[in-house]
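As structure tokens, one chain now follows by itself in the form predicted alone.
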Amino acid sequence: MNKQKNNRRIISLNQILVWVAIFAVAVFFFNRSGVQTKELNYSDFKQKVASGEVSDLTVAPTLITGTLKEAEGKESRFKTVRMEDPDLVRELTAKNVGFKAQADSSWVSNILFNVLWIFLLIGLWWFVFIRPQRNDGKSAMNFARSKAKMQDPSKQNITFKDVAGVEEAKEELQDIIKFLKNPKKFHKIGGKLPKGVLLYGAPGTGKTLLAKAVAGEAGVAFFSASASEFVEMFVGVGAARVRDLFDQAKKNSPAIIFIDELDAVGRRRFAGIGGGHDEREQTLNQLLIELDGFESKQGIILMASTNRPDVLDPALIRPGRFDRHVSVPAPDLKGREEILKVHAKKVKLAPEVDLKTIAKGTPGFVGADLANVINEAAILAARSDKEAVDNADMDEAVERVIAGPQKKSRIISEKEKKIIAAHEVGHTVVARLTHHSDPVHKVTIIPRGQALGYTLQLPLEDKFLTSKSEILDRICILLAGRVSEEVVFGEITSGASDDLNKATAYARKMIMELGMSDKIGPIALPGGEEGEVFLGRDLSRHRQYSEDLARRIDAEISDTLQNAYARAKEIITSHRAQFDTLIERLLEKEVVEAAEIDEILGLAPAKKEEAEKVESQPDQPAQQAELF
């Protein structure tokens, strides 16, 4: 593992300094050797002294060097062997020739100066090239090598037992495992395994963990790399690294190549305004070539993950390349419970902790969120010097993941605290008194993260479809905070800005994309919010409907929001006494739970009513917290 890592490290600063040293030494000795020195006989030297053609002499015991004046004002260096000449100093003085005496260099210094630099260059060459080759092939010229990390099959300890909540995806990948274990079984009847498997889903659903589990189950070599590692500033490096990665996999077949975040190199080509011949597209082209170049008999499977399958190049995900597309969705109730059990194996839980109850209270959470809940709960228990994680730690951990940690040190004035309490109670009352909203779990004015307070709603069951009535109720709940400020104080604040953004987005999506408007009709229009992320496509996009329809859409969105605002105001004013009581209770306790909310409003606890589950197109996760 370390050997493979050393092979793929980028050129270090030490190697760059070595190259600079080699260059400096070479330039120095080139310049030194480039100066031509004439060798004169001693008799010729004496004649030059007499005629005044020499200057700047250096007189050593055995050698005389200096400058020789030639025709046309040119000068050159010369040297001559010194003879026994007692009159030399007198003659030089008479001709005003400048000279200096110098001790003769020893044979040791001559060797060091004239020979040692050669050994220095040889040593530097060995350090940069030969030594790295002996230490697993690391060389300054290997920057085009793939940075993919190879995991030894014998050291792979992740299997499907470590993956929970994605049973359908695990079943889809069983064919890959069976083929890698026994390819002859498929070849006998002429079957071919898909060359590529694309895992797609929301962030944190476990795509990378699934790929590692496939390698662990099959017991084959596993090469993992991020797509961004292929692209560098040097032209052609990405394509070279792709070739090298597939070459390594072929040498270690059967093997799995896993590329994380495939969209970093797999985006649609010719999408930007700068043309298509950039380094990323060259890397993509090489990847397409490699996918076409190997057969299933070679025992190589390419797996990749992405959060944005919609932006991938069609040539990449067509049959024959990424043949199989496996969805890795957010887990359901049973899946969340299984994921919690996997992550809770290494954590000491108190006997009263029920993971099924935690799973019910975390709809919309993905595997990474649930792992974070367990870890946060363990940290909170350790911070309080507890022997085990209890329910209080788990509840606090869930809220930390949803809304962030408590900001107990934040100082809020009494006036602002009353405004925040009224705002949150507005959300709470309207949410509890509408018929198609999720039950209120709690309301608090304790700051968390960026929120000054929040109303937490948790559904009684997982939802996959959302009705028009539910969306309208959700818009009404969002606007209730602004309504309560107006009703209680006769003034509005900036605290409802996020609520207004969400309410407007809901109304626009309902009318323009889901066809839930009676005036506009069953039509889906591009809203632009989830469009292409390429600059060229953004600049070339134009509105595909008329100005008249645009005005009607704007009017319908405005009417929807105004009607929801009026409805929220009517609910609050008709229950003003309970509304004020709940505000006082929230200011007193800072946190009011669901049971106390129902008691103040005179309502029975929330129950499932199957008649209200009207099917429609889903557009938002089931679990939500309305933040102030």
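Counting begins at 1, following the sequence as shown. For clarity, every value in this text was computed on a predicted model and none was experimentally measured.
Beyond what is shown, the protein has a form predicted together with a small molecule; the following relates to that form.
- Residue contact with the small molecule in the model of the complex: I339 places a heavy atom within 4.5 Å of it.
- Shown alone here, D162 lies within 4.5 Å of the small molecule in the model of the complex, counting heavy atoms only.
- A368 belongs to the set of residues with a heavy atom inside 4.5 Å of the small molecule in the model of the complex.
- Contact annotation: P203 falls within 4.5 Å of the small molecule in the model of the complex, judged by heavy atom distances.
- Stretch 205-213 is the contacting one of 205-213, 435-443, 465-473, 281-289, since its residues have non-hydrogen atoms within 4.5 Å of the small molecule in the model of the complex.
- Contact annotation: of the candidates H343, K418, R267, K509, the single residue with a non-hydrogen atom within 4.5 angstroms of the small molecule in the model of the complex is H343.
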